[in-house]
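This document opens with one chain alone, in structure tokens, the form predicted on its own.
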Amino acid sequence: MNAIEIKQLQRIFKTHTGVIKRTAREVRAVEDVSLEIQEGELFGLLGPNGAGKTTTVKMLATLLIPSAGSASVKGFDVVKQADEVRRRIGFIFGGERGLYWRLTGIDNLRYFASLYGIDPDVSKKRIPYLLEMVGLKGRGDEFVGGYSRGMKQRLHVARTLLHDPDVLFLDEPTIGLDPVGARDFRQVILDLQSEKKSILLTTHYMFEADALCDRIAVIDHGRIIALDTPGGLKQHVADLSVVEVETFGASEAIIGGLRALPFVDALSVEETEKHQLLLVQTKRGAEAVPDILAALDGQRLGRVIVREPTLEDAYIRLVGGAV
């Protein structure tokens, strides 16, 4: 039995546009999604903003009812057997909500244990174990309001594991964490997998998905457009090289002209406060550099490098350059 099975899952939202003349319309957030996640697998779900990632997770976690199709977790239907599903899952959404800051870490866990209906004798033993597991040993008597963001996220994990769920949904769990906190949290995720938990992870950080996931599905406009191992997805760009060009103030017209060049397979732009980083995918490799620089003639340029493609580059090619 698979940990999760999804068959032709759909979710349609009805909304209205206009102020004076209201017009009803349908938004298909998830459309015809089918996939299977194996027992003990750490499965990644990637996609642009609005692609349907969080909506899919919420349906699996019984927080939203599907408009069509079916889904099961540990063999239980997420609609018809929602109570059975909830007993077997835990979910963590990125951010700091869901904890009581005026309580200590231990008091938070005691409170949530009582909501789960966990026997006090069981929670008394389990809470110290969980605090040690997530790296908060010795910090449980401190008020949560004084925790760093990374510590709060660790406490979220401990809370989620109170009833020892078999399946975990992690929706962008490292968003907003500093690099050290994010790295430590990724180790917590790997520790959870070592305990044979089945994990569905959504993230915008491609290196994170590459490092953690056994398999990855890419979703765009509510549909799965690719499903493979990280290495398998990289084969989508095995024929390409990536030219990184640092620019300062290049206009949309200049970037659009560069994107239209026949040897450019895809182009994405990473914006910072000080510069733009143009990521040009091309089969010509280093040979394309002179033509790229010619297209950027008159622009202030910084470093220019040519490198092998990564999972992020494969993702960009799959979703057509969306970021």
Partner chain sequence: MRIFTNNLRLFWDGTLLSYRALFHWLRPAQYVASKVFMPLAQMFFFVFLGTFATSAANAGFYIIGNAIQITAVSGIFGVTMSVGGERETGTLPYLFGTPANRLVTFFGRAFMHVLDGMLGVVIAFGWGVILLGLDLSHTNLAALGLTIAVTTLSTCGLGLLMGCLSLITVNVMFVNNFVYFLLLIFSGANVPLADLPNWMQVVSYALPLTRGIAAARSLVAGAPLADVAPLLWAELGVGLVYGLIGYFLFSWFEFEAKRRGTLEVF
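Here, rigid core means the biggest group of C-alpha atoms that superpose within 1.5 Å across both forms. Positions refer to the first chain, counted from 1. Quantities reported herein were computed from a predicted structural model and do not represent experimental measurements.
Just so you know, the form predicted together with the partner chain exists too; it's not on screen, but the next bit is about it.
A.B. asks: Sort through 130, 118, 189, 250 and report the residue having a heavy atom within 4.5 Å of the partner chain in the predicted complex.
C.D. replies: Checked against the cut-off, the match is 118.
A.B. asks: Select from the listed residues 164, 142, 178, 107 the one whose heavy atoms reach within 4.5 Å of the partner chain in the predicted complex.
C.D. replies: Answer to the contact question: 107.
A.B. asks: Using heavy atoms and a 4.5 Å cut-off, decide whether 11, 58 and 99 all contact the partner chain in the predicted complex.
C.D. replies: Yes: each residue has a heavy atom within 4.5 Å of the partner.
A.B. asks: Heavy atoms within 4.5 Å of the partner chain in the predicted complex: which of the stretches 278-286, 262-270, 44-52, 59-67 has them?
C.D. replies: Contact-bearing stretch, as computed: 59-67.
A.B. asks: Evaluate residue 195 for contact with the partner chain in the predicted complex, applying a 4.5 angstroms cut-off between non-hydrogen atoms, and reply yes or no.
C.D. replies: Because no heavy atom of residue 195 falls inside 4.5 Å of the partner chain in the predicted complex, the answer is no.
A.B. asks: Is the gap between residue 148 and the partner chain in the predicted complex 4.5 Å or less for some heavy atom pair?
C.D. replies: So residue 148 does not count as contacting the partner chain.
A.B. asks: According to a 4.5 angstroms non-hydrogen atom cut-off, is residue 83 in contact with the partner chain in the predicted complex?
C.D. replies: Contact check for residue 83: yes, within 4.5 Å of the partner chain in the predicted complex.
A.B. asks: Does residue 229 reach the partner chain in the predicted complex, with heavy atoms at most 4.5 Å apart?
C.D. replies: Outside the cut-off, so no.
A.B. asks: Determine, after fitting the two forms on their core, whether residue 103 shows a C-alpha shift of 2 Å or more between this form and the one not shown.
C.D. replies: It does, since the residue 103 C-alpha is displaced 2 Å or more between this form and the one not shown after the core fit.
A.B. asks: Relative to the superposed rigid core, does residue 152 relocate between this form and the one not shown - that is, does its Cα move 2 Å or more?
C.D. replies: Comparing the forms between this form and the one not shown, which are aligned on their rigid core, residue 152 does shift its C-alpha by 2 Å or more.
A.B. asks: Relative to the superposed rigid core, does residue 25 relocate between this form and the one not shown - that is, does its Cα move 2 Å or more?
C.D. replies: After core superposition, the displacement of the residue 25 C-alpha between this form and the one not shown reaches the 2 Å mark, so yes.
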